[in-house]
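What follows is one chain in structure tokens, specifically the form predicted on its own.
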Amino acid sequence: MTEKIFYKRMGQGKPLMLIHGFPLDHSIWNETAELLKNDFDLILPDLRGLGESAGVDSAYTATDMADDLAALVDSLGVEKIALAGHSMGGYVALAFAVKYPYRVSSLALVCSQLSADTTEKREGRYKTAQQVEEEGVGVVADSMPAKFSSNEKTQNKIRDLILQQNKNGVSGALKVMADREDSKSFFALCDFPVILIHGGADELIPVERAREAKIILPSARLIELAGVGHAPMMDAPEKTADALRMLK
């Protein structure tokens, strides 16, 4: 586990961890968490190197990030937990479930996917990581917000959040995503409840990725949010909360 994983905890009920996406922090869940606090014991971490969590100098993987979260859950005395991962947070949630399946009560993938990167996509992430290391997080802050949402208010929030991140954490997260493993074979064998929540207008990860996951695991419940982009917890918190209540 990295030296320090920051987290916010609120609510009561079944434990549910809300894992943020790239290149953000736990605060993207704030509105949705407020709607869920009477239904769940919510744990909102910052992934290593992002938000207020410490980073590391060496390379790391999605499994390393999952190990951080497992250690956090241990420290809180929680044995079994529901996981909801947004985008990159979905990759970390899947890595957690692969390594610790006996600790997962249920899983939600929010605007995420099962496939590993193509060679072209992987090379592009590494190129962007190098740019971030050399030029700072503005490289990402300038290009990503409009891809998250068509809502100008959400775009501004996303941009502000990205600009608050540490460039080494952003670079490290890009490499984590580039090197992640394909999860289709594992996903097909999931024996805990799975929910797929996806924006129908997602420009970063098309809704087709969620439909493909549904085919791989027919028992998964697919909730498509029409007109919503890559940040449903910010643009449609009520609908996102309603979908996540299915994890109870």
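Residue numbers run from 1 along the displayed sequence. Predicted model only: the values in this text are computed from it and were never measured.
A second form of this protein, the form predicted together with a small molecule, is not displayed here; the remarks below concern that form.
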Looking at Ile205, Ile195, Leu217, Ala70, which has any heavy atom no more than 4.5 Å from the small molecule in the model of the complex? Ile205
Go through Ser87, Ser149, Ser171, Gln165 and name the one with a heavy atom inside 4.5 Å of the small molecule in the model of the complex. Ser87
The small molecule isn't shown here, but in the model of the complex, which of 236-244, 5-13, 18-26, 221-229 has heavy atoms within 4.5 Å of it? 18-26
So in the model of the complex, does Val139 come within 4.5 Å of the small molecule, heavy atom to heavy atom? no
Could you confirm whether Arg103 comes within 4.5 Å of the small molecule in the model of the complex, counting heavy atoms only? no
Taking the small molecule as it sits in the model of the complex, is Arg125 in contact with it (heavy atom to heavy atom, 4.5 Å or less)? yes
Could you confirm whether Tyr91 comes within 4.5 Å of the small molecule in the model of the complex, counting heavy atoms only? yes
